[in-house]
Structure formats: structure tokens, C-alpha cells
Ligand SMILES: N[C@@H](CCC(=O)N[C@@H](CS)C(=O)NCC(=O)O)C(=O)O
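So this first bit is one chain, no partners, the form predicted alone, shown in C-alpha cells.
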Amino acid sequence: MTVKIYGPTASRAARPLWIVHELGIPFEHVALEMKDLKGADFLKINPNGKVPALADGDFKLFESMAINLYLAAKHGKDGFMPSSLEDQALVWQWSFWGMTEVERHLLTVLIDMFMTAPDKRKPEAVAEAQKALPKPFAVLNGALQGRDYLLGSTFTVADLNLASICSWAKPIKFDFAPFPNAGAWLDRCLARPGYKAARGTK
């Protein structure tokens, strides 16, 4: 059965688009425009009027991390979604940690830098976000000491979910020099064919 993923590539829909490419899940991408989000048809999929959203047959789901964890649990193989409860808990930990500790700060800088008119920019908010980012990246750097991926030697949905957030560090040119483990890990994740396919690049 083909799943439907709603939302433009340049949104959090990039996360489920990465995972369907990563796992070879048959899918239909419904890109949508902003005006479509308040339409009655889409509101049946996600009553919040936001993207991304997923339709898997009659099953509907919103929130990018929930979508990815669902798809990983349903379609993951070869350890992509770990089998032990402890490792699954680490998947949840890193996925939610990325949302709470990293995403807001990166998004603050990204939106101000690329999507805000010069006279509307908020340099103080950007400076505060940039000041906050080293702390979580230091945590990530320490967690990756001596390992290629978050749970060890194998790329899992934990890496995909967190890297999908940390990828926003690239356009803002965040300096990973003080955090070499985190920088190398992110480059490793973003070099994967699934990520490039989701972005329409090679």
C-alpha cells in the first residue's frame, strides 16, 4: 500500500520524505501550497492545518517525529528501529531531544537569515539562539565519542530524526569545529542517498 505524505519538501515534511526513501517505502508526495492547508479535504487529514501529515490507508497521523517513528516501527529492518526496549527508548530520547533542545534555536537563526525582510529581522533573538546552540551540540559531541552513530555502529531512525533537525545548521553555517564528532556524524548522515533523494539532489 502506498502511503501519502503531505507537505512541501522545504518543510518538516522533509523528515518523512527522507525515511520513505531510506527504507524504500512506496509513497505519494502531496506537496501542497499554503492556501491548501485550510481546505476541508486537508483538514480531514490534519485538523491543525499544518504539515507534514501522513495517510496510510485509513490511518491518519500528524507531527513529523510521530510519522517517522511509526514508519520506522512498521517498515524498519536490520536494526533501523531497534528491537530492544532500551534502544527504542534511546531513539525516542534523541528524537525528542532534537525537538526540544536544538530545533527552536536553529529555526530562529534560519528564518531570520533567509525568510525575514531586513527591516523585520531580530538580531537579539538570533544572537541568543546562536549563544544557546553550543550547549546541546557539546552534549551530542560527547554522546558520539568513539562511535559513528547515536546507538553505535549502525544508522538508525534516531540518527535520521536528529540529523533532519541538525541539517538546518548547514545553511546557517554553524561552526562545528569545536564539536568534531557531531560535525562528522552530521556529514555522514547527510551523505546518505535517502537524504539526497528526499531533497531531489544527487
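Since we're looking at a predicted model, the values are computed, not measured. The first residue of the sequence shown is number 1, and the count goes up from there.
The form predicted together with the named molecule is left out here; the points below concern that form.
Participant: Of 51, 150, 162, 69, which one comes within 4.5 Å of the named molecule in the predicted bound form, counting heavy atoms only?
Facilitator: The option sitting close enough to the partner is 51.
Participant: Just give me the single entry in 129, 99, 110, 90 that has a non-hydrogen atom within 4.5 angstroms of the named molecule in the predicted bound form.
Facilitator: After the contact test, the surviving option is 99.
Participant: So which of 37-45, 130-138, 154-162, 169-177 is the stretch with heavy atoms within 4.5 Å of the named molecule in the predicted bound form?
Facilitator: Within 4.5 Å of the partner lies stretch 37-45.
Participant: Should residue 56 be classed as touching the named molecule in the predicted bound form when contacts are defined as heavy atoms within 4.5 Å?
Facilitator: Outside the cut-off, so no.
Participant: Does residue 12 reach the named molecule in the predicted bound form if we count a contact as any heavy atom within 4.5 Å?
Facilitator: Yes - in the predicted bound form, heavy atoms of residue 12 and the named molecule come within 4.5 Å of each other.
Participant: What residues of 54-91, in sequence order, lie within 4.5 Å of the named molecule in the predicted bound form by heavy atom?
Facilitator: In sequence order, 63, 64 come within 4.5 Å of the partner.
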